[in-house]
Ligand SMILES: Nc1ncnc2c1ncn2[C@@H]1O[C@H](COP(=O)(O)OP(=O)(O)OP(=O)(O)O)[C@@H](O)[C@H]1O
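Taking the form predicted alone, here's one chain by itself in structure tokens.
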């Protein structure tokens, strides 16, 4: 077993893994991108990566935020927990870009894509040239946002009284151009997913207005809207140990609220509709 890498293929699952596609050209690229920080982007990216690995998929992760390095530190914390406790946790292989040269990005992209079914890329919460390079290569582009018009403003503008969408914002235009470039390059499409994080558990007027605005904008610029992870303290508490909501079986059940959080994760993974072998099922 290579350091920092567990493919989790045993028994009948191993036969499924053998049937998975090989080579960088077969890797499904999932890019988490949002030029606004504080949207739960890195936490969601890590949970998606671990969920895929727990199914038996071969997953690699690339953190392009060399300054904060939240994804990288999350997975480093996970490796340390594994060493400290002796628990056998799934840990995707992962690297962090230096944020300086295209050669570094290209090298890490090729290295991590090799032999991986999924490459999960976490980008900085700011405009970044390497984030744009990653976005144009995405098969699935995920833009997490908090459930507020402050975050909505990144992708669209609304009338201050009616809350009707008046026009797409600069980020929607950027993704539109990115998708056109991808289609021109190889004829493929980028599945753009806007993921609503930190949804409140009580229906509120603001929640309905944001939902209606997202539906309006989705029809204009062509993204899908799915629910993400709720506003729960547990997600922040899991970070120091590098754990996710899928690890409660190894570390003890965490209460009814955490069972609900695990269900949120399952629903999010289903809504992402990522390609995966039917033989590999999410650990219950």
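Positions refer to the first chain, counted from 1. Just so you know, these numbers come straight off a predicted model, no measurement behind them.
Form predicted together with this ligand: not shown, discussed below.
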Heavy atom of residue 41 within 4.5 Å of this ligand in the model of the complex: yes
message: Can you tell me if residue 230 lies within 4.5 angstroms of this ligand in the model of the complex, counting non-hydrogen atoms only?
response: yes
Residue 93, heavy atom within 4.5 angstroms of this ligand in the model of the complex: no
query: Are any of the heavy atoms in residue 197 no more than 4.5 Å from a heavy atom of this ligand in the model of the complex?
result: yes
task: Please pick, from 224, 258, 236, 26, the one residue with any non-hydrogen atom lying within 4.5 angstroms of this ligand in the model of the complex.
output: 236
statement: Exactly one of 115, 99, 156, 125 comes within 4.5 Å of this ligand in the model of the complex through a heavy atom, and that residue is 125
